[in-house]
Every structure is written in C-alpha cells, then in structure tokens.
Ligand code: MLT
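The form predicted alone is given below as one chain in structure tokens.
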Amino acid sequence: MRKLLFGLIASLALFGPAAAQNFPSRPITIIVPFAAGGPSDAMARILAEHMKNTLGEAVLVENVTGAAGSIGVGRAAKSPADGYTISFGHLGTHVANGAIYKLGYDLVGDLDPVVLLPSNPMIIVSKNAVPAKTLKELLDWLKAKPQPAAAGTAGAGSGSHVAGLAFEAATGIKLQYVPYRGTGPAMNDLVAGQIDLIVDQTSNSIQQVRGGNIRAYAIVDSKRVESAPDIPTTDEAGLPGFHMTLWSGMWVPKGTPKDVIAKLNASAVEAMNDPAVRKQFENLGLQMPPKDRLTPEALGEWQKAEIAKWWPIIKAANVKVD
C-alpha cells in the first residue's frame, strides 16, 4: 500500500511537467473581447497566423463581445488553466474595466501574464462633415456646439472611452459617448456620419484616413507615427502634454504551468520578431515593445503600474454603466 501511495504521488508530481512538454496537442483559442474587424481583432489574427507555425497547432481567434470586453475576459479567466485559452486585451480590458464594472473575476488574481504586445498610439479623428481642418479649429467647433459632440467608444472603460475622458480633462470639453461592441462598428458609423468623432486607436483609423473617409487631427503622442508622418502630434497641433498609447497583451488563466506560459511567450515573441509581421504592425501604426519588456513578469509589473495610474482618474470621472 505504501509503495502504491508513493507511486501515485510520484506520478502526480511528474504529470505537470509532462503535460507542459506535450503542449500543445490540440488547437489553442485566443479570446478577443471585441468585434471582428477592429484593431484588437486585427492584431490577434496576425499573431495567431504566425504562432500556429511555431506551436504546431491551430491558433483560433474567437470574438466574445460585450461590456467593454469584460465578458470575453471573464470567459478566458474562468477557463481551464492549461494554456489552451488565451485572453487578449489591453489597457481598457485589463486595467480600466476593474475601476468601472463589478467583475466576476480579478484582473490580477485570476490571470497570469504572458507577453506585452505592440502598442497603439491614439488618434483624434472626425467625420468629414465636421468643418474643422486643424485640431485648434476642432476644439473651437466643439466648444461652440450647443450640445456635446457624439463620440464613439467600444463601451464604458474601453480604450476609446478612457481616451475620451482624458481628452475631456485636457480640454474642458464635454462629449456625449455612444457605446458600441467594438471600435470597428464605431468606425463604420463615423464613416457614415452617424457620430462626430472618436479618440481612436491609430491602427483602427489609419486606413480610413488614408482613404479620405474620415479626417485626422493629431496623434495623441509626443512623436509622429512612421506609417502616417504627415499627421502632427498633439504637442505640435496645439494640445501639448495630451498623450495616450493603448498597449495590448496576452494573459492565461491563473495557475497555468510556467512551462506552458514560456512556450506561449516564446511563440508570440518569435512572431513579433518576424520581419513580415513587424511590417504588418508598422502599416497599422503599431509600435513594438522594447525587448527587455517582453517577459511575462514585465507585463505583470506594467499592468499593476497602470492600474495604480488609471483607476483614480476613472473613478474621479464617476463613470456610470447603463
């Protein structure tokens, strides 16, 4: 009996490493908490296409929308901790939502970080019918409107919403937020003229700007983006110091084996180091993270620092969820 018990304990001790060594043995799913066609979806699909080659299994993207991404993140957080479900998200989903929603999970306690992904400087864009041609003219137009302008967001706490709150704080101008299930659908309505503006992710807006379907006023950063060098920064356009970059990342359910996390991290890093992938990201206006910030630990530390920075700002804005 004693030998049998010791044998069972030894088998259990070896099971974890053995499972990690065999990982993956079936398809992996990346849950994107926003609608297909948006910037998060585009980045996830580019990464998934490359990661399937290094991991040797299909990497699928599933769009689970609602509540500014909190539904999709919740689905991932409550999945088995085996590495087969990845939570894709960003500043909005993995930081801001914790200050706004009563989540059924803990953003830090129920998820383990995998890797920091390319960041997306925000951009101020409007429908073409807005008469302003420069950022200063836009601010004047917004101040003169009898009613607040309609600003599209991906929901309360989304990156576009947090950027809108920061815009209000920087300018003293109030906006009327119109929530969508992602900035992809919001962009469709901006092009159609149904809303006035979005403080959006550059990767979501840049193709529409290039196509002449919307108007860009400024990159919300201290430096111009290489893919659109003609668009000035907020510093240059008359709103100095108003900067916001939406970083993204990948997480897995808490308790996922470290070896599995390491494999997922290595696969994502290899994808980001591929020249073809980097070119795709650059065309979207995305900025690659520094090499020394590509570890799981670096993402974990950054997420906690961003929570400490943004939660007081969001709570001071008294954001209400309908």
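Quick note: we count residues from 1 along the sequence shown, nothing fancier. The model shown is predicted, which means the values in this text are computed figures rather than measured ones.
This next part talks about the form predicted in complex with this ligand, which is not shown.
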Item to check | Heavy atom of each of Phe34, Ser40 and Ala154 within 4.5 Å of this ligand in the model of the complex | outcome: yes
Checklist outcome for this item: The stretch from 209 to 217, 183 to 191, 102 to 110, 223 to 231 that lies within 4.5 Å of this ligand in the model of the complex, judged by heavy atoms, is 183 to 191
Checklist entry - Does at least one non-hydrogen atom of His90 fall within 4.5 angstroms of this ligand in the model of the complex? => result yes
Item to check | in the model of the complex, Ser160 touching this ligand (heavy atom, 4.5 Å) | outcome: yes
Item to check | in the model of the complex, residues of 193 to 226 near this ligand [heavy atom within 4.5 Å] | outcome: Gln201
